[in-house]
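Only one chain is included here, represented as structure tokens and corresponding to the form predicted alone.
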Amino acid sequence: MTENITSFVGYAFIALGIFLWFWGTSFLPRKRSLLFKLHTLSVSDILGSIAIIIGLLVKLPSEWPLLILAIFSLAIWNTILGYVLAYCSSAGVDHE
């Protein structure tokens, strides 16, 4: 019985992650600024990827060190990429 519940929870997190991937992509054709599109896409992709990894963590608890490392790597990568995009998008501003 508990195996069915954990399997369902794992698949639910994986489905949520895939939904977030497609949801973030759905904003690309809209008439918004490029930075809004990039922000929406990066946040939804990161949250979707973390949800998928949590789903894998529920289904494969023996692999928790690698999956936790993957979650931290995604969070750090998203933060650094956000700073780089913000820095690059401020063209013409004096960076000191």
Partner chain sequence: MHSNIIIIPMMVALLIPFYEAYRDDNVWQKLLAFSSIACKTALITLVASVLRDDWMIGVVGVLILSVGNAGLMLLAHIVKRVNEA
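Between two forms, the rigid core is defined as the largest C-alpha subset superposing within 1.5 Å. Residue numbers count along the first chain shown, from 1. As the structure is a prediction and not an experimental result, all values here were calculated from the model.
As for the form predicted together with its partner chain, it is not shown, yet the points below apply to it.
Proximity of S89 to its partner chain in the model of the complex: non-hydrogen atoms within 4.5 Å are present. Using a 4.5 Å cutoff between non-hydrogen atoms, V9 does not count as a contact of its partner chain in the model of the complex. Shown without its partner, the chain has S44, D45, S49, I52, I53, L56, K59, L60, E63 in segment 42 to 64 as residues with a non-hydrogen atom within 4.5 angstroms of its partner chain in the model of the complex.
Once you line up the core between this form and the one not shown, the Cα of L28 ends up 2 Å or more from where it was.
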